[in-house]
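Here are two versions of the same chain, shown separately as structure tokens and labelled structure 1 and structure 2.
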Structure 1
């Protein structure tokens, strides 16, 4: 790094509604890291504590800027500072390394906890206890502390020690079983949907505890289960099973792109011009249908009795979907989206990642993706968060920390160590 770049990365005074909040952050992967990123985005000082010998998996995944790989390809010598997932999950945080298998490493962690008053982690149950960092010990280190634990199954119950990742959580909580097409096997929800979804619950729980402590001075113990967060997404399917006794998988269910409550037809994704291009269309009432028919130029098929009412369209939905698809396939998906929206029909282009980053004017106007410089990968786009707070801003002061980048700053400025002591810690493999 050049001198100018180093100066830009030196931690300064944080801005935002959470400035003054300090977090000793042991989180890794996505479910914890995304939660603490939300705090860091709005001014909290989040000190990410890592083990140099056991890097976070997102540091090691070879998802690199500008390097296209086939699915499953690996980098035998991954650069821990290039990982795209890690860099996306950990912006605006400080980063230090600590060997928690050593007594000195654990002592330094305790001093950081005493200074911070908030501890976050999403290890398998028992890891924190192995280090002696029980709830009682953390309270001794700093009365009124908040301990936030984020696990797949929670920290009690017969399965609380089961290992888990996002795809496993999605299966156990019922999302996979309720997803897919009629007559087909259950469908997965992408790689780790629940890692990100549960992270929002973790952030809300942290904010609740911070507010409670500010009001009463009392600390809190947080225990968030990603499985339970996923159950909350089942919606009417769960109610239908429990109240009406209807199974979630039956000949006409799951319904794929078709909607069951309320009635809607057409409702689905239809082909657009070009390879693998699609548009979503949703018609909920006769007004919507009339508008769609007018946009289509009142074709003969659209005004026959098979599609005259919502009930009739539902009874003939297979034919309706096929005929509508024959019309939509002639249009560019974005052109058709604007045409239908102008007529009052709910419709949206099915966008891919390139559409989102390069062509969507709404996303661009909101500043959803923004650029940060990084000492190893250079300038890169990062995803923002979909909220705006009046009188405040998402304070993007730095891209994710390099491995151990803030060891000197944290150990000297926060814990008061001198250069000789820090040098000895490095030589002994403590940091």
Structure 2
């Protein structure tokens, strides 16, 4: 694990459990790119197929070094090789350009699919069919192929053509309603949470299909709907409604930072010193509470009868939260986290990305983030894989491909074309 500085960007032999696996990757945006990144990180040859005229949104989003812009504040003339988000999502992949609106472009795509045996895509339903790349055609091109489709609503059903992106998925699946203070509008998610989770579920589906094909030679058609993946993440509250018939539209739901199950008090996010700085504290039993009271130096309020038992603390939870917050606010969030954790109290600073990158010793020790060089961006950080495998290699060999960077390599090495032919394709706007 960890970064390697490699000046050479020409694709070489890949290492890792997925070496030998090849993917013709039509994915874009977040969900698809993160799903196939997992394959690329562990040795698969993932060939991203892009349209020069319609660059992926993460290529256009101006998350640039040294330039602060909001997500919607689009650069009118973006350099498609400069986007930080694209770089983060597409490391370790190859990149080619192909104009799928031309017959020759589609023919090249078919040859790549025949060579790869795995096709991944997360377009709106219908796009692949428009190119003639039906499930049957893919099977014809290469028997035993895997086709992974990753639409928000899946590929059948009356709403399968509905438009989706993270926050829409989160709304429809219940994950937005599920979050907020009681009696207020939902606070929902401050990110496209389902872009990540749907990606992870798609990576799981893809690796399951790869495993299955290794064992049996059989291919597989995969249809992971982000909405359904999201419903699968709702947990016991959903069963409370499905099994017990308890409505979730009720005055005390959602619960903010408090829990209904299990009993926990205090349980919340409390102010720390500094502007908008916070610490989360979770007390699940009397032992935790005694430890917290000791750390606080046994203040008079804490040994009051109102807080003597879990039941009492739950009954007086507003007062408890206010009093605890008056104590926490004097502390730096990290100092307090360590003080509490060392005493056996479950607590954590609300960390921002600067904390994660610059001061979190756990992230540093585990090498979660790593650096690779990039021809346009220069040395850049990446979000790595949050695990260590004692017997499998993660192979980080290159930052994200420049637009069309691997055209020559893929067309010559994989498809056997000569320089003249590749030159003609470029001149004709096929690649």
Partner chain sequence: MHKRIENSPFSDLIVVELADTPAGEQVGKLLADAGATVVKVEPRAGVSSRHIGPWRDGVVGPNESLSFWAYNTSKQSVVIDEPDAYSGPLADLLDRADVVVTTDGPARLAERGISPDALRRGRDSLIVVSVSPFGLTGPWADYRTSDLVGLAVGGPLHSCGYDDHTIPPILPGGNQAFQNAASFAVQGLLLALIERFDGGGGQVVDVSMHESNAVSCELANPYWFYPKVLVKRQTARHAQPTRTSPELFECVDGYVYFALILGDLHQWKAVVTWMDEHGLAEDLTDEAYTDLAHRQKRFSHVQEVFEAFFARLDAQTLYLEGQERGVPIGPLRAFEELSTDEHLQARGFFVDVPLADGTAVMFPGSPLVSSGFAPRPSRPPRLDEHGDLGVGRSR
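Since we're looking at a predicted model, the values are computed, not measured. Just so we're on the same page, rigid core means the largest C-alpha set that superposes within 1.5 Å between forms. Numbering follows the first chain given and starts at 1.
The form predicted on its own corresponds to structure 1; structure 2 is the other form. Here residue 373 does not count as shifted, since its C-alpha moves by less than 2 Å between structure 1 and structure 2 after the core is aligned. Core-superposed comparison between structure 1 and structure 2: the CA of residue 392 exceeds or equals a 2 Å shift.
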